[in-house]
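Encoded as structure tokens, the following chain is the form predicted on its own, with no partner shown.
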């Protein structure tokens, strides 16, 4: 079971859009996927047509140990389940302040999924802040995907994200690594986008080989700006269902193919070196 946190401490970079549509694309490929909405705004839930009211079990109930993940999840399409979120989740920062082991609540709640191989993929849409919810996600997963808009300031924010994952890796989750960077809101006709990608490649090549992002790859699939991606949440659907022939749907299906290729490469033989992966990107 691959466990992936989609994380960026900056808002508006395509984090929720990528979480939802990558999960939907993997489900379309026949993988059993569960999407965990860990953002109190609940946008991933709304994107899939689920509004978690006070009577609906949600991620908040899991963190406060009132219910289990299985009792909270809902099937939203073939092969895709969702653990929804709502504004109640914002209270966890205060309510868990004095709870011993609060960083491991989600990992403990997921343990039976790992033991039973309940899903092929668990994808977590993290909030755009570093708090107890994001720390729980990073402690529970083995991989981090970072959505990145190819702008100058995005590179500055990326170094902070790497510092965060390194800190969690050292103290809470030795198996954590940044395995992929997704370029979102991409405008292929601009010089800026190309320059940022080159700077990003250079940064990764120069990284310390022992760091948790040493094997990070820049996915070849670029998520282009596309109006269908913006429209689909209003219809409670992934772009894969809303506009299957659109550029947004094709880009996320292509990204899912790359994610699956990583899985197959790991199963078939020795891991490709990070230098080779970066060169391929």
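Keep in mind the model is a prediction, meaning the values are calculated, not measured. Residue numbers count along the first chain shown, from 1.
Only in words, not in the display: the form predicted in complex with a small molecule, which the text now covers.
Stretch in contact in the model of the complex with the small molecule, which is absent here, among 24 to 32, 66 to 74, 222 to 230, 50 to 58 (heavy atoms within 4.5 Å): Contact criterion met by 222 to 230 only.
Is residue 13 part of the interface with the small molecule in the model of the complex - any heavy atom within 4.5 Å? Residue 13: contacts the small molecule in the model of the complex.
Can residue 41 be called a contact residue for the small molecule in the model of the complex at 4.5 Å between heavy atoms? Close contact exists here: in the model of the complex, residue 41 approaches the small molecule to within 4.5 Å, heavy atoms only.
Partner contact for residue 131 in the model of the complex: the small molecule, 4.5 angstroms, heavy atom: Looking in the model of the complex, residue contacts with the small molecule do not include residue 131, since no heavy atom lies within 4.5 Å.
Residue 193: touches the small molecule in the model of the complex, heavy atom cutoff 4.5 angstroms: No, residue 193 stays farther than 4.5 Å from the small molecule in the model of the complex.
Which residue, 135, 185, 200, 181, is the contact with the small molecule in the model of the complex, using a 4.5 Å heavy atom cutoff? Answer to the contact question: 185.
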